[in-house]
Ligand SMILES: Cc1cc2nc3c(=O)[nH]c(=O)nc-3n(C[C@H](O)[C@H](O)[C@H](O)COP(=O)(O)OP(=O)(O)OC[C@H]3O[C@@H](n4cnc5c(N)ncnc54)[C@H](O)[C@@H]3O)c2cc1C
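One chain comes next, on its own, written as structure tokens: the form predicted on its own.
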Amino acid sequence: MRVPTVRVEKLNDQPIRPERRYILYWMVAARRTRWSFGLDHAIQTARRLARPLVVFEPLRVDHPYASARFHRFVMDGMAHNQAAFAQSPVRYLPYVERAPGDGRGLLEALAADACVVVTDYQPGFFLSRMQRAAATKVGALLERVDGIGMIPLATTPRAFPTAHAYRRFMQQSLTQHLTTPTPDPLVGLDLPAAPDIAASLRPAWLPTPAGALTDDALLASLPIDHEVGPVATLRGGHAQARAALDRFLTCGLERYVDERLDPGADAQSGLSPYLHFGHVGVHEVFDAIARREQWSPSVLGPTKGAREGFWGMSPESEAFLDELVTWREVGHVYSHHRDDFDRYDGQPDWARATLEAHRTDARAVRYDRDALERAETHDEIWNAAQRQLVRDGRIHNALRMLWGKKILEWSDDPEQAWDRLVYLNNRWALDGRDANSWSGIGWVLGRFDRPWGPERPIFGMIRYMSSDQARRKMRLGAYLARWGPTESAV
């Protein structure tokens, strides 16, 4: 099945070069071999031009917040891809940069023999800027494929101000976009065998050997942030992502409505790091839910933006899909349409106005950034959430917003709060730097929300949350015991 044309974007005006040796797929966002519109399009292009396919998956050491935590997770995925591509005619080139600048020029060198270069899309981090810069340097057509959500980003008219507004648009548009990627496009793949490219590369550009991708010695040698270490209980790659999805379907989904906001329960999917790094895609997750529900598009309900009743599924699946589709995609759409998605200036006018009116309000307590990072505050719930972030790479969803609201309360002004939220989240969270990270950070300060009364000091009309409220509403005993003060968080 061909990739919908609305998902394919030309990033330059270069022509197709049919006389060249291969098709190059520059894999940077959808880092997987299954359920990928990007890989599907690269394969289709290779078939059309009767050329081999070369897949280039790089990992830089100088990207923002590069750390052992993120490198370990991505390299796990690269090792999985290496094994999958080894059983196909595709030439896979994994490349872990050893020093800043070592990989400079490698993409252009590979593209010099490419008929077409294909890449994949993820708004919200530096990847889009990197791809547009590369489009001016590669001497071939560069096409970018959007497989990030159920709704193609090119069909969205604007950044939506609320989840309800996007949900209504999505519900009215979904039936036009139910085409899915190929579950396993490498099965029976009949492309010509790709040439051995490594022999023509500079020593600093040689692909990373398969064994090195899982070797802790290579990871330890890289000039990245090693204070942010790997999460011992969580490994990357599609196999791990699929295992997490299957566990959720078996053990978590039935409890999702009643227990997902209980920090002591294990009723969440755990998929966000895999979605962020592209080790699993939204279409595979949706397909698994739909199969479990024996779902058909014929049961879709009203399209007025309601959270319940649209999908025609069980309450737990409806609730999960609202997170997976509505809340996840509204953030990607925002990052796609707005250049200021990652800045405080990108907050809604009403939110900045009310925070400005309370800029000089007295703060009873203030903490510097180091104290916050070390979880050295007077609030045991906040400290527990921060320790979970540092050690586990995530914060339970029910506490993540409380965590952010307290940072606003304890900072000198909203801009400082924004900077601290960005730093702590993007440095430590496995799914940080994602469009959904900017949604969460922005939501703390009013994005996708509305004014709430009564007006309060510091917060103004921004939605207020407190630890006392959390104690009344949540069962926190097990959570606080698990993430208690055994030692400094960092």
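Note that residue numbering begins at 1 and tracks the sequence as displayed. Fair warning: this is a prediction, and the values are worked out from it, not measured in the lab.
Another form, the form predicted together with the ligand, is not on view; read the next lines as being about it.
The closest heavy atom approach of Asn397 to the ligand in the model of the complex falls within 4.5 Å. Taking the partner from the other structure, the ligand in the model of the complex has a heavy atom within 4.5 Å of a heavy atom of Tyr256. Mapping the unseen interface onto this chain, Gly270 counts among the residues with a heavy atom inside 4.5 Å of the ligand in the model of the complex.
The ligand in the model of the complex comes within 4.5 Å of a heavy atom belonging to Asp431.
Annotated contact segment (heavy atom within 4.5 Å of the ligand in the model of the complex): 320-328, selected among 103-111, 83-91, 320-328, 133-141. Distance criterion of 4.5 Å from any heavy atom to the ligand in the model of the complex singles out Val444 from the list Val55, Ala29, Ile43, Val444. For the candidate set Leu222, Met401, Leu201, Ala244, a heavy atom within 4.5 Å of the ligand in the model of the complex is found for exactly one residue, namely Met401. Candidate site formed by Asn383, Ser467 and Leu476: none of these residues places a non-hydrogen atom within 4.5 angstroms of the ligand in the model of the complex. Residue Asn425 is the sole member of 407-427 found to place a heavy atom within 4.5 Å of the ligand in the model of the complex.
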